[in-house]
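Presented as structure tokens, the chain that follows is alone, the form predicted alone.
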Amino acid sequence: MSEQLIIQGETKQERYEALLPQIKAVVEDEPDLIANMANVAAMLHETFGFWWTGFYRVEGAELVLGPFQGPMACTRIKKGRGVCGTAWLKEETQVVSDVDKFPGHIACSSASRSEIVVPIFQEGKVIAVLDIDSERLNTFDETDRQNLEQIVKMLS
């Protein structure tokens, strides 16, 4: 896709509404999950300017770093550890307004202040998580949860 990503709208919801059909167009005919994760991470990162945007894939008893945009990241995370491991264990989206107050938070970067992690399901099992970090507190809310859950459904 050589076209530049075009997102119009001032509110967060308007930006998601513009982005969702573009993500659908990119992933719907591409069967490779890694390729789709790479493009989705880039599109989200470019649209919202998050600190870190990426995926961790379930490999055995760990999450293993997948495609991402942003600074270097933790490579492996055990089930139940940190926000990512908790989202995997509980099989539900985790919205954390202040990562310093999250029990067992894994500080891959001290710049990360808030985080959202959305599990990706295939045949009823978590196969990966979408992890997004912000360098500001209270970045993520119900608007992010709902839209990011829609986006990860496109990947499964």
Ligand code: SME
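In this text, all values refer to a predicted model and were calculated from it rather than measured experimentally. Residues carry their position along the shown sequence, with the first being 1.
The same protein also exists as the form predicted in complex with the ligand; that form is not shown, yet it is the one meant from here on.
K.L.:
Hey, in the predicted bound form, is Trp52 touching the ligand, heavy atoms inside 4.5 Å?
P.N.:
Yes, Trp52 lies within 4.5 Å of the ligand in the predicted bound form.
K.L.:
Would you classify Tyr56 as touching the ligand in the predicted bound form, given a 4.5 Å non-hydrogen atom cut-off?
P.N.:
Yes, contact at 4.5 Å.
K.L.:
Using the partner position in the predicted bound form, report whether Leu44 sits within 4.5 Å of the ligand, counting heavy atoms only.
P.N.:
Looking in the predicted bound form, residue contacts with the ligand do not include Leu44, since no heavy atom lies within 4.5 Å.
K.L.:
Even though the partner isn't displayed, in the predicted bound form is Ala111 close enough to the ligand, meaning a heavy atom within 4.5 Å?
P.N.:
No, Ala111 sits far enough from the ligand in the predicted bound form that none of its heavy atoms falls within 4.5 Å.
K.L.:
I need to confirm a contact call. Of Ala38, Val64, Ile106, Ile127, which residue comes within 4.5 Å of the ligand in the predicted bound form, counting heavy atoms only?
P.N.:
Of the candidates Ala38, Val64, Ile106, Ile127, Ile106 is the one lying within 4.5 Å of the ligand in the predicted bound form.
K.L.:
Can you name the residues of 114 to 137 that have a heavy atom within 4.5 Å of the ligand in the predicted bound form?
P.N.:
If the 4.5 Å heavy-atom criterion is applied to the ligand in the predicted bound form, 114 to 137 yields Glu115, Asp131, Asp133.
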